[in-house]
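Given as C-alpha cells, the chain that follows is alone and in the form predicted alone.
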C-alpha cells in the first residue's frame, strides 16, 4: 500500500481493518477450562486473548517477533533542548549495529529480530520554532519508510526510536494536539538541567504560536511539528494494522508518534498496547489521554524500544500459559463446583 497524499492516510483511518472476534471468543473460552481459577492469571489472560483477536487464531504464535527502532534528527536541537549533541543519534545507530546497546541485549533475550531504521540523519528536520519541520512530501516519505519496514508475516511488532531532541518533538505534538501547553508535556528527556528545560518549554510555546493556523489538522501538525522517526513509527503502526499485527508501543516518544493518527480515529489504538510507562514526565498523562494501560512500570526512560522489548517477555509468558497449560479434563483435575 502506498500513501500518495495526506488524504490517503485519512481514508485509511476511516476504514480500519479489524481483528477476529470469533478467535478472541475461542481464546476466552479456552482460558475458562485451563487448570486454574477463572481470571487468576489476570492481565496475562487478557493479553493472550488480545493476541488471538489480532492474529485471528485461538492459539496465537510468537515465532516471528520484530523490534523496529527508527532514528531521526531534529532542527530544534540547535535550541539547546537536549543534554547531548546531535551527533549522538548517528553514534547510537552505529552502537545498535555493533550490538552494544541495551536494546540489543533485550531483543536477544526476548527472541526478537531487531531492525534499526535511520531516516536521513544527515538532514535534520527544520527548526519548528521558525518553520515547518517537514513539508507534506517529507512526512509521507518517512511514513512510507516506516510502513515498508513491517513484514506482513510478523506475529508481533514493538516500536521505538532514537533521536536527540525527540522528547521535545514528542512534547510538541502532545501540546499541539492535546492541549495543556509546554508545562504539561515537556520533561527533562535525556537529563537537561533547569535552564535546558526552560529552553525546551520556550521552544514549544514559540512553535505553538508560530503554527497556530494548522493546529486543527493532525497530519499537518505531524509534518510541521513532528520528526522523521516519529513519522516512521506512525507508518509502521499503519502497516501493522493493515496486516492485523499486534503492536507494543515503547515510551513517551513512540506513544506521541501515534497521537496524530489517534486524532483521526481512536480505533487505531485497538491493535496496540503500551509496553510500559516511562519515567519521562509526560508519558503517564499521555497514556491516560489515549486510554492505554501500561503493562510495566520499571521507571525506564531510555527509549530505543527498551521498555516494549521487556514487555515481549511478558507476552511470551502469557502465551506459554495459554498454549501449554492442560485443561481440567486433560489433567484429571476437578473443576469448580457449580
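Positions refer to the first chain, counted from 1. Worth saying up front: this structure is predicted, and the values here are computed from it rather than measured.
We do not show the form predicted in complex with a further copy of the same chain, though everything after this point is about it.
K.L.:
State yes only if every one of 52, 203 and 269 has a non-hydrogen atom within 4.5 Å of a further copy of the same chain in the predicted bound form; otherwise state no.
P.N.:
Spot residues vs a further copy of the same chain: no contact at all.
K.L.:
Could you spot which one of 26, 292, 41, 65 gets a heavy atom to within 4.5 Å of a further copy of the same chain in the predicted bound form?
P.N.:
Comparing distances to a further copy of the same chain in the predicted bound form, the residue within 4.5 Å is 41.
K.L.:
Can you say which of 256 to 264, 228 to 236, 93 to 101, 142 to 150 gets within 4.5 Å of a further copy of the same chain in the predicted bound form, counting heavy atoms only?
P.N.:
Within 4.5 Å of the partner lies stretch 93 to 101.
K.L.:
With the partner left out here, check for me: in the predicted bound form, does some heavy atom of residue 33 sit within 4.5 Å of a further copy of the same chain?
P.N.:
Output for residue 33 is no: heavy atoms all beyond 4.5 Å of a further copy of the same chain.
K.L.:
Applying a 4.5 Å heavy atom distance criterion, does residue 16 contact a further copy of the same chain in the predicted bound form?
P.N.:
Heavy-atom contact with a further copy of the same chain at 4.5 Å: absent for residue 16.
K.L.:
Determine whether any heavy atom of residue 310 comes within 4.5 Å of a heavy atom of a further copy of the same chain in the predicted bound form, and answer yes or no.
P.N.:
Yes, residue 310 sits close enough to a further copy of the same chain in the predicted bound form that at least one of its heavy atoms falls within 4.5 Å.
K.L.:
Any of the heavy atoms of residue 326 lying within 4.5 Å of a further copy of the same chain in the predicted bound form?
P.N.:
Because a heavy atom of residue 326 falls inside 4.5 Å of a further copy of the same chain in the predicted bound form, the answer is yes.
K.L.:
Would you mind checking 117 to 154 for residues with a heavy atom within 4.5 Å of a further copy of the same chain in the predicted bound form?
P.N.:
The stretch does not touch the partner at all.
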